[in-house]
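Okay, so here's just one chain, in structure tokens, the form predicted alone.
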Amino acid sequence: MRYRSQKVAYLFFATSILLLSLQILYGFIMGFAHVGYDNLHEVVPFNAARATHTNLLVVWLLSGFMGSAYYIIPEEAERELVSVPAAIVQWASLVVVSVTAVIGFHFNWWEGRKFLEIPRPLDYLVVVNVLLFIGNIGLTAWKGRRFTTTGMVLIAGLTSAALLYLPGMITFDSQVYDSYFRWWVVHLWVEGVWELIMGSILSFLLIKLTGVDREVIEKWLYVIVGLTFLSGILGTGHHYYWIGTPGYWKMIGGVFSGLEPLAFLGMALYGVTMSRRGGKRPENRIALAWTVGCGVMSFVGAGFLGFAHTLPQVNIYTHGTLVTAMHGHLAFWGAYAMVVLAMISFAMPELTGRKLYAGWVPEWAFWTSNIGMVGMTGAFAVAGITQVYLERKMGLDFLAVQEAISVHFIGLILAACLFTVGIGLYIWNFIQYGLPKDEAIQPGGSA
């Protein structure tokens, strides 16, 4: 690392790792419930487990994005963070909000709106937390010695994510209006502004790892930003035709949803091309593997599998089934989880000065987690297609179908076990690095 204040990123990375572990735990609770072993129902009902599982996903990714920003912005701006104490306070408040929300879910303290379950008082705390975060990195960039495309796109993505959280705080008596604005958060985050965050982190990592000129890589970043806004914003319409909005959203959503894979294909080509054109062979090859893997897996999960079931002609059968879970798991893993893990894999040697990226532990962590996630996606696909046929085509009762497809969740649990082994190895490698230290600071390092 080049600046002492970058050490604050470690707090957010460690929090991400811990919350990821909890998310996996709740995933297993739901998986076993699907095959009939719901022995924890009195303590953790299925609805509480599902809300906790999905909200932990959002929070650990946001924590990873924040940690990445606290590491990247000082290097891009070529100065220390404006306020390390403010960053620590912001981290502590994020942890308090997260813990309070998770505990609240187990006592039925929530709003009951899917993916936006956290109670209203915590919403206000989230807004304050994010304003403190945006102010810190924004002032750092403003007072910096240079402005880079990578840094500006990262700040733009994070600021847009904060602004798009506000429509989700508006509630209406009409289910149509309520769902309309809820999708501004749920869709425009993951298929809009989060792609800007993902693209900028990829840009930073590729600049550092491949040796390709910044100018070349950042031109690709402009392309990704354009594709994201072209497809992602109007692609929100593929949700709208289910909630009572005008019929024209069916056509708009269908057409622009069909274009959304282009942005992820661009990211895949971006990562692979830049790594092959690189003039240097990085020591930290595992960070490059996570970086390139993010581009490839995001295209498969978010792009290809998203396109496969979001067109209206198909989605009329797949909407609300496990086919959505198939797409969602690989999409979030490829697009956002892998980029956070890539950033952590790159940053930890720089923060600690310990080169623990070689050897079998980080390599097995990469391969077993990815193979496990592909296996889980396959299990969801088989279960989801079976569900569509039995429920939507043959007209069988929902619960009867759930019992019929429960056997596929055995395969899901086995794949999840392999995935957990990979994440366990990643966590062990993370722990081995230890805490950041000042001796790892490298003044005048490469830009």
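Start at 1 and count along the sequence shown; that's the residue number. These numbers were taken from a predicted model, which means no experiment stands behind them.
Beyond what is shown, the protein has a form predicted together with a small molecule; the following relates to that form.
Check your understanding: Would L57 sit within 4.5 Å of the small molecule in the predicted bound form, counting heavy atoms only?
Key -> Because a heavy atom of L57 falls inside 4.5 Å of the small molecule in the predicted bound form, the answer is yes.
Check your understanding: F65: heavy atom within 4.5 Å of the small molecule in the predicted bound form?
Key -> Outside the cut-off, so no.
Practice item. Tell me, yes or no, whether Y70 is in contact with the small molecule in the predicted bound form, where a contact means a heavy atom of each within 4.5 Å. Key: No, no contact at 4.5 Å.
Review point. With the cut-off set at 4.5 Å between non-hydrogen atoms, does W249 touch the small molecule in the predicted bound form?
Key: So W249 does not count as contacting the small molecule.
Review point. Which residue among P74, G293, P261, G157 has a heavy atom within 4.5 angstroms of the small molecule in the predicted bound form?
Key: Selected option: P261.
Review point. Pick from W364, Y180, F229, F307: which has a non-hydrogen atom within 4.5 Å of the small molecule in the predicted bound form?
Key: After the contact test, the surviving option is F307.
Check your understanding: Using a 4.5 Å heavy atom cut-off, which stretch among 161-169, 93-101, 111-119, 133-141 contacts the small molecule in the predicted bound form?
Key -> So the stretch in question is 111-119.
Point to revise | Output flag, F12, M348 and L351 jointly within 4.5 Å of the small molecule in the predicted bound form, heavy atom basis | key: Zero of three within 4.5 Å in the predicted bound form.
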